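The form predicted on its own is given below as one chain in structure tokens.
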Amino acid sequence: MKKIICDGNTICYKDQGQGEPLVLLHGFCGSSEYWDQVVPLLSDRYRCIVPDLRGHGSSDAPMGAYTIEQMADDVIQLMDALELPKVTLLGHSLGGYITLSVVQRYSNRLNGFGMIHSTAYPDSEEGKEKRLLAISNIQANGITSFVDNMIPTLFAPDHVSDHPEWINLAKEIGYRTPPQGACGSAMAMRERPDRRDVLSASVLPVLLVAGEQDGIISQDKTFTVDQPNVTQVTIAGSGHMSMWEAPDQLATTITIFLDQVQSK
């Protein structure tokens, strides 16, 4: 992987393909590997830049709480280092929260954006309590048991039983998340604001993707805005991980959206 320094922290990233730049952000306790099944389907037409978020994968994991804004600034600094004035930005789950922070503060750096199994809603009070419990769990018992419990919930029930190789690989990626990175990112998610207004106010092309069987973020939480610049797509049979559960369909959805972005 390639590396840059963002505010003293190393951010690692993959840079594959040629064409219009597309930045892909992964979810919590994931890494750039989450996109490994999709990038080969896009990289013949697009330059795919896929970072490990701060606190994840091979990137640095500073101690303490992170903010979604810090993680968004990392993305902008990566764009600056690569001399990319504008990109299309797609974020999965946590990556979608980061994407909306970029939209709110740096919309002039975007050609379009998308949220994949993500939401503009903040955490509910119950959700905030669960973040604190997750942090306590990780601090007390380590990352392995937390990941073992979390990963099966990301997939549609049939896929958990029919594709143990997906579960095992996702767990292996999760095990490599530094505990302080998981805790710092959990705090970032807990403290993120309601950005439904950011989503509804944007005039950029928007892609919203939901999984029919997503047990983490329901379709109604993803499809919070319905207007002409917004494309809504539900991936049949998919849970929270269509990058693995339906990579061909997700890649086709992204390609159609990118064609629309380029035609603007």
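For every residue, the number given is its place in the sequence shown, counted from 1. These numbers come from a predicted model, not from an experiment.
Although it is not shown, the form predicted together with a small molecule is what the next lines describe.
- Think of it this way: in the predicted bound form, the small molecule has a heavy atom of just one of V102, A156, L94, I138 within 4.5 Å, and the residue is L94.
- The contact residue chosen from A65, V230, I216, L41 relative to the small molecule in the predicted bound form is I216, the criterion being a non-hydrogen atom within 4.5 angstroms.
- Looking at M189, you'd find a heavy atom of it within 4.5 angstroms of the small molecule in the predicted bound form.
- Within 4.5 Å of some heavy atom of the small molecule in the predicted bound form lies at least one heavy atom of F28.
- A residue is said to contact a partner when one of its heavy atoms sits within 4.5 Å of a partner heavy atom; R131 meets this definition for the small molecule in the predicted bound form.
- This chain is displayed without the small molecule, yet in the predicted bound form the stretch 86-94 from 86-94, 102-110, 174-182, 160-168 comes within 4.5 Å of it by heavy atoms.
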